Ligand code: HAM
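Below you'll find only one chain, the form predicted alone, shown as structure tokens.
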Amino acid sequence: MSGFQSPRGLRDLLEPLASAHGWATDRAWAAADAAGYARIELPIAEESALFERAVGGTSDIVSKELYRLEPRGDDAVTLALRPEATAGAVRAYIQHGMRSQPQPVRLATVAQLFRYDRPQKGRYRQFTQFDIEAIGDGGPGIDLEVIEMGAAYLRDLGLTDVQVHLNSVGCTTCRPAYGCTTCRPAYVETLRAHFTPVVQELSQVDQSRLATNPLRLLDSKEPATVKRAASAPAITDHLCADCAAHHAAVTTGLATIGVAVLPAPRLVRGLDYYTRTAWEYLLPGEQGQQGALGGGGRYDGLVELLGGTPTPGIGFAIGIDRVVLALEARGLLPIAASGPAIVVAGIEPESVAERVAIAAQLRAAGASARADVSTRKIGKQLEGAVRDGALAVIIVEPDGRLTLRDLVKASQAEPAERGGVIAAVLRLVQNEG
């Protein structure tokens, strides 16, 4: 056994999980393409200041979980491995002048992300998310589109009982252009007053949150904070008229399009940039975060915060790792890719190059094929083909002719010339497919 192992919180993906991840990723891209979301590939690292400003200095992601890369040589900027995709997508929106395009700009990515967090089931330090962003529309209609898209993706994978937990976190600044007046600051003060009487019971971290960002207390996992949060006032009772109307339109619209919603009046999620609509996709009956597959929200002030013109936006992120674990637990993993349909074997060791050439010709014609490049006796090569689940074996004879052995029918043809055998194999693969 090697003295090296994968680092804590990082892992190797083996079959069948590797194929399941690829399948879920392919389905994510297909869902995005079908809905008209343009693909975007973002850098794996950005300036750390981008995340510090966008996500918020008091969030766990920035204060505890960010992987910073120290500057080297002539670089004067500290980079960080991306912990989430929205900040990078908004940076790209601003940098590439996407405001001049028809709005909203719809973007999609499947990204590898990194957070320094305590590893546990479903939570890794390197993970993959399916991310959707719609930037440039402040109306409730785009909320419906994005929320339904995530729910439909999960249902299509087989997670048919997924629930949408919905809340509104109000607005932080007056934006008349979006029909918005300030309501969250007043709620924050109400929340601070609710937690202040028990401040000595809170952890040091949550005491700091009480002073700097009380909204984060609703996202805390500390037992004393969770207990007090259960009786905290609901932000939906403190929304301004415009935010309340937006929330009502989203709630009514989701019911109209058949997306089941559970009100979650204390759902705030872990990112400071959220405004108005916030939601999570959860599986019933799961404990803690194990049932949370993803979520999203509006970020109507983020473009301006990062240096752009005031522009509303909304998006979601769904964890591919969590999705695959949920599928595995329910016995819904897709069948892993099987071995090659055709194995090309040979009686003489000198036929190895010919075997490789035939396998390459079959693959070029659309068949799944591999050459047995060993010098094992033909019996062992046939055993390997059976073990791999091959449909047939082509045997290169000493005189250069080819013999086709059908492993499904347990039959074998007479040796023949190459062209005829290749044609017969391709027909066999097509019929089996």
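The first residue of the shown sequence is 1; numbering continues from there. The structure displayed is predicted, hence computed values, not measured ones.
In what follows, reference is made to the form predicted in complex with this ligand, a form of this protein that is not presented.
None of 242-250, 121-129, 344-352, 135-143 except one has non-hydrogen atoms within 4.5 angstroms of this ligand in the model of the complex; the exception is 121-129. Shown without its partner, this chain lists R269, H165, R266, R192 as candidates; in the model of the complex, only R269 has a non-hydrogen atom within 4.5 angstroms of this ligand. With the partner removed from view, the residue among A359, A317, I147, L215 that has a non-hydrogen atom within 4.5 Å of this ligand in the model of the complex turns out to be A317. Taken together, T86, G294 and Y299 are fully in contact with this ligand in the model of the complex: each brings a heavy atom within 4.5 Å.
This ligand in the model of the complex comes within 4.5 Å of no heavy atom belonging to A385. When contacts are judged by a 4.5 Å heavy atom cut-off, Y273 counts as touching this ligand in the model of the complex. Residue contact with this ligand in the model of the complex: I61 places a heavy atom within 4.5 Å of it. Among residues of the shown chain, R115 is one whose heavy atoms approach this ligand to within 4.5 Å in the model of the complex.
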